[in-house]
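Heads up, the chain below is alone and in the form predicted on its own; it's given as structure tokens.
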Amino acid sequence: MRGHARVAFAYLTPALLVLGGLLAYPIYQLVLISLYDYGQEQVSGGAPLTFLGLGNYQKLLGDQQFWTVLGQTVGFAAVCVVGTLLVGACLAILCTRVRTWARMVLFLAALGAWSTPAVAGSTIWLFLFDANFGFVNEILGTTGYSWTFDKWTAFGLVAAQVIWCSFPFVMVTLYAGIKAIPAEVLEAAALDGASTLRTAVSVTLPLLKPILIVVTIQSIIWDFKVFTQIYVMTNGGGIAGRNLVLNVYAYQQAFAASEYGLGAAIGVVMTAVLLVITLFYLRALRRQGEAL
């Protein structure tokens, strides 16, 4: 067994080296920058670096705006994850009940949403919801209404766009999981007199639980670090920063305010949170026998 482990490790070594170069070194630099007073003067060489230790983290944790943005990020990600799972699950079930041609249309439409670049998708959604020329306002008879002016409608619009480009992954994954359930199991439940709802709750859902865990954790990782949609659709975070999430907040601190050390500290906090989520993701994969 040890020999097999050494062979497997030898095969994985090149990939580990590449990952180390692409991930470990940038993370090291991110942590290093977060420990210094690193601004525009230090970048240009006009002032020496000042070691702050945990000073940037203390400043960050003592900033009320950071906690507000963190709460907004968690809430926004939660809405996106729940919406993505609901839309993806409903369409996955629908795909199992329609004819082949209809299922192919659904898959092609989902593929279009999945493959659309985030910037292009966000721009299209802004055009659809434009106050004066948008198709949605024309249909609703609300011409002149700005969906991005109010904080909550702006968040809702961005969340809808994120769900639109994220549901295909959930739909296809759950559809494959449903089709993988042995027909004999469902037939046995039907013979025992179980209703469709009872079969779904007591048979189908428990069998899909490992897949649901994986797609949920994956969606959390994606939605927690949303940047492009918020930045494009709210013009950099909304009026007076009302629609900031952590990624956009870090960008503003690092590049708009030239507080690179503080921006790096935000990045480290986000990385730590996502690493914890990733551990749950790997644990779910291990249970399925797909990793490690």
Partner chain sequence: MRLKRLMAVLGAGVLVACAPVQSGPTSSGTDEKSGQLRVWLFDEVNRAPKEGVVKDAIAEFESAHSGVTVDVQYIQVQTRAERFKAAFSDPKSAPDVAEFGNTDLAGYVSAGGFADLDLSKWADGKDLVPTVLDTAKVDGKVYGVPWFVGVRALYYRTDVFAELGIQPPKTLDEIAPLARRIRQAKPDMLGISAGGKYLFAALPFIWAQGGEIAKQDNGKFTSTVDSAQAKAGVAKYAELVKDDICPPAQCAGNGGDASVEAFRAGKAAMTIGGDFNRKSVDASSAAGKYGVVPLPGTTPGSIAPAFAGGNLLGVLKGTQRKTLANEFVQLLASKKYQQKMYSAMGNLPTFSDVQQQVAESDKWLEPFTATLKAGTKFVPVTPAWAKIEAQTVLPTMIQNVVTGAKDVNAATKDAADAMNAAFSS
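Take the two forms, find the largest set of C-alpha atoms that superpose within 1.5 Å, and that set is the rigid core. Numbering follows the first chain given and starts at 1. All figures in this text were calculated on a predicted structure; none of them were measured in a lab.
Quick note: we don't show the form predicted together with the partner chain, though the next part is all about it.
Checklist entry - Quick one: which of 221 to 229, 66 to 74, 236 to 244, 263 to 271 gets within 4.5 Å of the partner chain in the model of the complex, going by heavy atoms? => result Looking at the other structure, the answer is 236 to 244.
Next on the checklist: Residue-level question: is Q58 within 4.5 Å of the partner chain in the model of the complex, judged on heavy atoms?
Outcome noted: Contact check for Q58: no, nothing within 4.5 Å of the partner chain in the model of the complex.
Next on the checklist: Would you classify T142 as touching the partner chain in the model of the complex, given a 4.5 Å non-hydrogen atom cut-off?
Outcome noted: Answer no; every heavy atom of T142 is more than 4.5 Å from the partner chain in the model of the complex.
Checklist entry - Wondering, does S146 line up within 4.5 Å of the partner chain in the model of the complex on heavy atoms? => result Contact with the partner chain, yes.
Checklist entry - Is L54 a contact residue for the partner chain in the model of the complex, using a 4.5 Å heavy atom cut-off? => result L54: no contact with the partner chain in the model of the complex.
Checklist entry - in the model of the complex, does each residue in the set I93, S166 and F169 place a non-hydrogen atom within 4.5 angstroms of the partner chain? => result No: no residue has a heavy atom within 4.5 Å of the partner.
Checklist entry - Within 252 to 273, which residues come within 4.5 Å of the partner chain in the model of the complex, counting heavy atoms only? => result Going through 252 to 273 in order - heavy atoms within 4.5 Å of the partner chain in the model of the complex - the hits are Q252, Q253, F255, A256, A257, S258, E259, Y260.
Checklist entry - Core-aligned, does N247 move its Cα 2 Å or more between the shown form and the other one? => result Superposed on the core, N247 moves its C-alpha less than 2 Å between the shown form and the other one.
Checklist entry - After fitting the rigid core, is the C-alpha of E259 off by 2 Å or more between the shown form and the other one? => result Result for E259: yes, a 2 Å-plus shift.
Item to check | Rigid core superposed: Y38 CA moves 2 Å or more between the shown form and the other one | outcome: Y38 C-alpha, core-superposed: shift of 2 Å or more.
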